[in-house]
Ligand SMILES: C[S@@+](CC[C@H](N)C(=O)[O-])C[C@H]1O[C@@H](n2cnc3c(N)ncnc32)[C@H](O)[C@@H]1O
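Just the one chain here, the form predicted alone, laid out as structure tokens.
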């Protein structure tokens, strides 16, 4: 007796971005819990015909507790399917604490984050050599406050690439905080709405235009906002693939020899 719950990252939207492991475990589950508002319904095709399917959009944590307690009492396997990757804004820690309290074994199964899907949608590498080698993942304060020192304007002072989740509802305030933090009005931005879903939309603009463009598009949720000089960078090159750069698998060639080899 004891049961188990898997917290499975279903990916950003497209059901074929579910991992092989995630699909296998959904198929093994006695109970599959998923949120229609966040997870593509086609992931349920991996569920067993005998599985109990629970749609959780309107169910708070307290409403799921009895399912986890049943898993303990009846030795059930539960697949709790999260959007994206559970480690990013997945509300998974409170569930883990509940599992520890009631004695239910648990495991996190990572998934493809909307960050990766958004970068793919705009065709950009987010860590551009010599321009931006760091990405800050954050959100604006809303009904959930931010810890001290984690305000948007504070992070903006770093001047690197920022990926801003859950913040499309108030784009004018966001734009102001980014500019107060030091980003120039011409800083490149991208907004990816419902990354990898069939109705995905992409906006690319300057920071000075961000609020107006988001308002015009009508995005208020399920949009990831990227900002930073790396989004518009080009003409740089990774040392890893330079013929003049040595690493443990390849000896560097002299500059002239490397140039001859490239022609």
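Residue numbers count along the first chain shown, from 1. Just so it is clear, the structure is predicted and the values come from calculations on it, not from any experiment.
Note that the form predicted in complex with this ligand isn't included here; everything after this is about it.
Note that among 141-149, 126-134, 179-187, 85-93, the stretch whose heavy atoms approach this ligand to within 4.5 Å in the predicted bound form is 85-93.
In the predicted bound form, this ligand lies within 4.5 Å of some heavy atom of residue 222. Contact annotation for residue 165: at least one heavy atom lies within 4.5 Å of this ligand in the predicted bound form. The closest non-hydrogen atom of residue 213 lies beyond 4.5 Å of this ligand in the predicted bound form.
Residue contact check for residue 161: none of its heavy atoms lie within 4.5 Å of this ligand in the predicted bound form.
Comment: this ligand is not present in this chain, but in the predicted bound form one of 174, 192, 104, 109 has a heavy atom within 4.5 Å of it, namely 192.
In this stretch, 48-67, not one residue has a heavy atom within 4.5 Å of this ligand in the predicted bound form; the partner itself is omitted from this view.
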